[in-house]
Every structure is written in structure tokens, then in C-alpha cells.
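The chain below stands alone and is given as C-alpha cells, in the form predicted alone.
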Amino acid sequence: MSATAPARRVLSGMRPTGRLHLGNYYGALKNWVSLQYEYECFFFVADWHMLTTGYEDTSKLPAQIHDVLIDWLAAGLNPGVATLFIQSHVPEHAELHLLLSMITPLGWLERVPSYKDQQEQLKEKDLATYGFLGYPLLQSADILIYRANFVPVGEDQVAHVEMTRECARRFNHLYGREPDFEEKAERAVKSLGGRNSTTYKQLRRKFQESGDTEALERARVLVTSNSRITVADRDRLLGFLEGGAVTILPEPHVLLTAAAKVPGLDGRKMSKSYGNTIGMREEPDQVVKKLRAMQTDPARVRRTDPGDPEKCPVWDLHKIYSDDATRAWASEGCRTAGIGCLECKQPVIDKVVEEVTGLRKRAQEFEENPELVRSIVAEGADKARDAARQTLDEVRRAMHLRAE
């Protein structure tokens, strides 16, 4: 008996590199906080992914995992509505990764854009390992084990989701065939009921004849929301929409997320590797010190020199933290040299300190109660394993790896 995931399930993860900074917060985490109330969300700490580039020293991993979880909870991820867990606590990820590795062409892994990029950037590390080559496939397993419908990513991560779609497509093609599939699918169409059967056929024809993706999505919703059909028929109908196989592993879709551009203290992208970050739980005095020294428009050598906000990284912080009136004041003052750089920074400093102070206060509850954090991720792992086991049962059955 197969199990189909809800039509609005989201999956995303984050490597535990330690305490998060404002770039992480505005780049992904704040968006997750919103998504958890719109979708069924699974968010995991990707500790196995840390081993792909940092396998030689894992002693700091427990503390780094704990820090990330504290930051998630302080930011507003709610374990009452979202499932929060640690990747290695759900071994089904590893089993699906293993099974997918048996059918994934080597060329697919070698052409992932970040493969050669990271080898170039991390020359000091020995990355000639199977784990590093296979990490995009582990990402695919992370997504497919939950039959996630959507993966929230920036444009630089779209290639990873596309590879996951290819893996699902290949798996379904190899193992989703069953005797008399079309005959069973046609019977399943009739079981939808008169009007729904007609609508399903029309939408299927629209997609297959003209590639109408909106029609495909409407047909999927029609199928997944129908409580009259069996789960096996549901999978047949979903597969029948696109071809001649049962959809065992649904293809995930990209959920492109708008991320605010958060500059680092030196004007480059905020990143721990650049040492230019402001932590989500930074000491307020340190925030003030760092922002007062933050790089500005290099053309403003003297207080009387006019500047260009678009060439100043502080302006990107104004776009995040300031209202229209403050931005207008800062832009005008910069261009006319009516205000100095420290004056321009002050409203941003005040807002960042206010935000960080709030995050520190919310984090304190969890820092003082580590048992609560352990309980949250234990419950999350139980829920995640339930969903993962359902998928693996179906995968094993399709591959004839399960005793009947």
C-alpha cells in the first residue's frame, strides 16, 4: 500500500556551521518562519552534509547543531506547526541515498555546478571523496524521502532541485511500471466520480498535448484532495498524468524565495568565511562597534564629499531596516553631503540592536532549558521517521526489496 504526501509539503535544511548571522536570517530563516504557517513544513539540521567537507574533525558538531537549533527557535520556528529535526536522527535518508546511488549516472553528479566550484574554493581540503561527489544525491534523498512538493531555494540552488526531479523521474521510470498499468489507471479515473473524471481527462489532455503546467497542477490537486479513491489508485492517477508509470517519488518543485541582500561589514556578501558577519545573537555593544566601523562609499573621503547610496553597503541595510521616510533622508543626505556616514548609520544601528536584543531574549529561554530543545528535536525526528518510513516501504516494494 503506498502513501502519498500532502499536496503542500515543504522541505528544507541547513548545515550546522554554528551560530547563525543576519545573512542566514534574511537569506532563508525568516522566509521559513512565514512558510510554516502556509505549508506542512519539515526543516532539518543537515549534520551529515557537514561531513562532506569537514569529515576530518567532527568534535564541534554537537555544539554547532545545538546553536543552530537555538537560533531557529529564537527566530520564530514553531515546533507546534513545523517539524524540526536532525538529519542523522532519521537513518532513512541514508538508505534512500544508497538506493538512489545505484541508479544515478556518474555524469549527473560531475556536472552539478557547485561540484567544481567548491573544489576550487576549498583547495586546502581533500575533497576527492565519494561523499563529496555524492552530496547532491544525498540532498535529493533528503527531499524525496518526504515526497516534498516544494523546496524553498534561491536561484543558485535551482540546479540541485532539478537534479532531484531527474532522480525521481528515473526512479519512477525504472520501478513505477506495473502489469496492466493503463487499464488500472483508466479504472481509477472512473472511480473519481462523473464530473471529476471528466475534469481529470480534460486537464490531462491539456498537459500532454500542450505542456500546460497549470493544468497539471490542477489535476494533481484534484487527485490528492479526493478522499473516495484508494492510495494505490491515487499514485496511479498521478503517474498517468505524465506518462505510463506509478508516481512513487513525486518530482519536487522549486519555491523561489525572495531574499534580502545582506551585506557584510566589508561590503561583500555576509559570510563566516569572510569574517564579516553580525551574529543573530551578537552582543549589542559589539553590533554598535562593528556597524560604526562598517565600510561605506569609498568616494566619501571627507565629511563634505557627496556620495552615492547605491555604492554604499550601508544602503542595503537601510533597505532592510528603514522605512521610506528614513531611506529618503539617508539618500538625500548622502548625495548632498548633508549628513555624515555615522549619522547615516545610526538609524540602522538602532534597528539592528533592537532586533538582535529581541533574538537574544527569545534564545535565552531555550539556552537555559536544553532538555526542551532535545525534546523538540526528538519529537520532530519521530514525526519525520514516520513520513520517511512510508516512502521507504513503497520504494522497497517497487524495487522488490521487501518481503511480501
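As the structure is a computational prediction, the values presented were derived from the model and not from experiment. Numbers follow the displayed sequence, beginning with 1.
Form predicted together with a small molecule: not shown, discussed below.
> Select from the listed residues L99, V153, I229, M270 the one whose heavy atoms reach within 4.5 Å of the small molecule in the predicted complex.
Looking at the other structure, the residue within range turns out to be V153.
> Looking at I143, L249, A219, M280, which has any heavy atom no more than 4.5 Å from the small molecule in the predicted complex?
Comparing distances to the small molecule in the predicted complex, the residue within 4.5 Å is I143.
> Would H49 count as a contact of the small molecule in the predicted complex, using a 4.5 angstroms cut-off between non-hydrogen atoms?
H49: yes, in contact with the small molecule in the predicted complex.
> Contact between W72 and the small molecule in the predicted complex at 4.5 Å, heavy atoms?
Result no; W72 lies far from the small molecule in the predicted complex.
> Though only this chain appears here, would L11 touch the small molecule in the predicted complex if you measure heavy atom gaps against 4.5 Å?
Contact check for L11: yes, within 4.5 Å of the small molecule in the predicted complex.
> Mark Y135 yes when one of its heavy atoms lies within 4.5 Å of a heavy atom of the small molecule in the predicted complex, and no otherwise.
Flag for Y135 set to yes.
> Just one of 371-379, 357-365, 38-46, 59-67 has heavy atoms within 4.5 Å of the small molecule in the predicted complex; which?
That would be stretch 38-46.
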